[in-house]
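Presented as C-alpha cells, the chain that follows is alone, the form predicted on its own.
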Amino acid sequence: MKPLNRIAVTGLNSPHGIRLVERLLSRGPNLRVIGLDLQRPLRLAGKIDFHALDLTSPTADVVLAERLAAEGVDVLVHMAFRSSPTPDIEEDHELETIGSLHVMNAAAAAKLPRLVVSSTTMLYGARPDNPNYLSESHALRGHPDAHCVQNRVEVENLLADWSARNTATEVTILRSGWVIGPSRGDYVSRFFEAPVIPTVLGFDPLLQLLHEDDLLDVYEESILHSHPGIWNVVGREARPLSTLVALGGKRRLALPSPLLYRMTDFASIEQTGDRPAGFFDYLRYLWVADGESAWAEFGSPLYSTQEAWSSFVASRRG
C-alpha cells in the first residue's frame, strides 16, 4: 500500500472541520490536505490547497471526480452536513442527501481508495422501546420531525447500497453522539448554554456526551489508518439528564409534553423547520449507543460524559 499523503475534506467549515485539518497539518510536511467547500476558512489561508465546491450543483459529482483524480487523493473525508437544521428543508436535503450522492458518484468515478463519512447516533431515533444500548447493527429509525436526521438516514441507506457495488473503496462511517466542548456552537450546545433547561415532565433519560477532542482523535485515526466499517463514537458513562443539569448549576424546568411542545412550536419551526418533538424527544426517550466496538478499535475517550459536560460548562462560564 502506498504511503498516505493526500487527504481531501468536504465541509471544511463544519464545526470540527477546521480543527481536524489543523491536526492533520501538524503531522508533517509530507501530508497534503485539499479543502473542498464554498469558501476557504481564513484560519487555513495559505496552509492548504483549496477548491470551491458546491455539492448542491447538478455537476458537483463531475467537478469533484476530476479534482479527486487530478490530486491523486488517498482519503476523502465527507463532513458536508448541517451542524444545525435550518428552516429551508429543501435546501438541507439538497446539501445532505443529494450532495452525498454526488460524493459517492465522484468517489466511484475517481476510483477513490478510502471514504470516511460523518454521521450521528441520532439516526437510531429516540423511542420508548429502544434497548439500553443501541449497537451499530440496530435499525436506523430516525425521527419524522427531525428532517436533517431523516436526510442522514437516507444517506446511510444510499451509502450501504453504493458500498456493496463499489467494493474497491473502503468506507468508514463515524456515528457520533452529541458533541460538546469549548469551540462547539451548534443548536445542541446553544440549548445547554441556557441557565434554565426545559425538559419533559416525568422523563429523565440517560444522555451520552462526547468531548470534541475525543471525536477529533477518532477522525484523525480513521483518516491516517484503515478502519473500515460503522462505528458508534460516543462518550463513556451515560448520565441522567437531571444529574447533568444539577452538576452544571442550571435549573430544570419540567413541563408536560403537550404544554412544552405547544409553547415551543412556533419558535422551533421558525428556527429549525422542525416540530419540537424532533429535538425534545431526544431529551425524553432512550437513545444511548453501545460504544464498545469503537473503544476497542480507536481507544477509550479521554473524557467521560460527565467530564465532557463539566468542560463544556466551564468554557461557557469563562
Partner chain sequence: MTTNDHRSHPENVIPMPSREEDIELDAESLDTLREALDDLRREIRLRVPEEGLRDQSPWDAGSDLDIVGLVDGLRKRLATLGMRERGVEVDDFGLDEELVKRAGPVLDWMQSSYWRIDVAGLEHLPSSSPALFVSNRAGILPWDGLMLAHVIRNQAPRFERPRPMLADWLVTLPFVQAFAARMGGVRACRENADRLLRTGRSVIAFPEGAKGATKTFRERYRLKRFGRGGVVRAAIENRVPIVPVGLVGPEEAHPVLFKSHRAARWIGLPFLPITPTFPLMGPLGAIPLPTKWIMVFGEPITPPALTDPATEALAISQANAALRERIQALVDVGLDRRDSVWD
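Only a predicted model underlies this, so the values are computations on that prediction, with no experimental measurement involved. Positions refer to the first chain, counted from 1.
The following text describes the form predicted in complex with the partner chain, which does not appear among the structures shown.
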To test your reading of this chain, name the stretch in 72-80, 129-137, 154-162, 88-96 whose heavy atoms come within 4.5 Å of the partner chain in the model of the complex.
129-137
Since exactly one of G229, P198, P144, P182 fits, which has a heavy atom within 4.5 Å of the partner chain in the model of the complex?
P182
Is it true that H51, T56 and Q150 each have at least one non-hydrogen atom within 4.5 Å of the partner chain in the model of the complex?
no
Spell out, yes or no, whether the shortest heavy atom distance between Y187 and the partner chain in the model of the complex is within 4.5 Å.
no
The partner chain contact at S84 in the model of the complex, heavy atom, 4.5 Å:
no
Taking the partner chain as it sits in the model of the complex, is G125 near enough to touch it, meaning that at least one heavy atom pair lies within 4.5 angstroms?
no
Under a 4.5 Å heavy atom criterion, is A108 part of the interface with the partner chain in the model of the complex?
no
Within 245-262, the residues that have a heavy atom no more than 4.5 Å from the partner chain in the model of the complex:
A246, L247, G248, G249
